[in-house]
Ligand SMILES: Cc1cc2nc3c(=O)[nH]c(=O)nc-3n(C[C@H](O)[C@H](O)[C@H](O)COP(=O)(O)OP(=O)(O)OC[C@H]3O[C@@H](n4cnc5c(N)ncnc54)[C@H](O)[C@@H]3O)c2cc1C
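Take a look at this single chain in structure tokens; it is the form predicted alone.
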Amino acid sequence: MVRCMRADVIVVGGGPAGLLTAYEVASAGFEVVVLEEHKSIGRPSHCAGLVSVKGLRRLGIRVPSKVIINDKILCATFVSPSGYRFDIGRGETQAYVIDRELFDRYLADLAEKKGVTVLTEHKVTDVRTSNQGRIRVSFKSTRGVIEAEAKCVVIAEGVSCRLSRRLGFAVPRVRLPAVQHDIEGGDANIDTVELHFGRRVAPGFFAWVIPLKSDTVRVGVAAYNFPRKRLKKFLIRRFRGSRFKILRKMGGRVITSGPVRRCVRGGVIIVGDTAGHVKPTTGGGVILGGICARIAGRTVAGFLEKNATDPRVLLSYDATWRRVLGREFSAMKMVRFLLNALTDKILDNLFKNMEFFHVDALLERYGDMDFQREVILRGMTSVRVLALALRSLIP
């Protein structure tokens, strides 16, 4: 049986980007429906769960305490292939480890309080333009096949990009396979995140150790290839001598190629991982993707308020997010390119000499987990960084 429903906006995907877009549109008084294919918002979880305190403030989100697993992340330790390391910290909490399932549900609750209808177990199978200029959406649910119409459709389907590709959008070029485990019994400082670099460890990215509780850590690897095999080797090496127990296994993909060229086609826009709104340096997408999603929501609301019939009005979304974050993404893409080009020997030299040239102090002073362009530009013009580079590159 085919039934039909109508809404001002349909959002495909109930992750943070989709929910924040829906929240913004509904806050302006429009009818929004979110269609999520899984049984529950927030499942399955693929995210490492590390988000910056400053970033959450920028999003205007006050996370409830029940969502936070660890609120004591003060420091990050960077480790080279041979074990040279340096620390970056400011003596105060820099990040939280959040429960992504509870976080997503919290965002869904906020959206529903604004009037958003969130439907789970609704898998979108097709999106197309009707003769009247509205967007038609077909989806399957437990009640059968349903047709829906909207003035605008937002695709927030994550890294799969199944629908966006079919609609003619470009797909993020680099989507690295990633695997992570929650383990009990692994030794790690409760206030320190570890990032391990090197082609032998994780070519194209890095391995991470994120403390959840005093006796539980989340360990993962993203790489060009063989992430499971690489994670197994990393666990053995990093936790040698520990009798750890694997509590949970997760997998996913990490985008490192930055945003796609175009995020608007007709009355359809893309947000979040689908649009590549992910930091190329660290693979994090909650904060910058959320900022872009809110821009998308305000753009769609403006389109509806004007009762516009020309979907080209939505092109301001592309212009706005690029003005706000375009240079940030470009700077991080450049750093990712450089990191991928460095050999393990050069990385060892860089890490070994970092403290001698006081570059770690520059990172501590100007570094930002989300907005990284300033510290990148300062590094490019710093005599100390130049000296470090020469010392590391010349045998």
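None of these values were measured; they are calculated from a predicted model. Residue positions are given as counts along the sequence shown, with the first one as 1.
The same protein also exists as the form predicted in complex with the named molecule; that form is not shown, yet it is the one meant from here on.
- Of the candidate stretches 357-365, 56-64, 344-352, 30-38, only 30-38 has residues whose heavy atoms lie within 4.5 Å of the named molecule in the predicted bound form.
- Using a 4.5 angstroms heavy atom cutoff to the named molecule in the predicted bound form, none of R173, G204 and P280 count as contacting.
- For the residues P211, G186, G198, G252, the 4.5 Å heavy atom test against the named molecule in the predicted bound form is passed only by G252.
- Put simply, of L163, I135, A301, V118 only one has a heavy atom within 4.5 Å of the named molecule in the predicted bound form, and it is L163.
- Taking non-hydrogen atoms only, A22 never approaches the named molecule to within 4.5 angstroms in the predicted bound form.
- In the predicted bound form, the named molecule lies farther than 4.5 Å from every heavy atom of R261.
- In the predicted bound form, the named molecule lies farther than 4.5 Å from every heavy atom of K151.
- Contact annotation for R327: none of its heavy atoms lies within 4.5 Å of the named molecule in the predicted bound form.
- Within 4.5 angstroms of the named molecule in the predicted bound form, the stretch 37-73 places a non-hydrogen atom from each of E37, H38, H46, C47, A48, G49, L50, V51, taken in sequence order.
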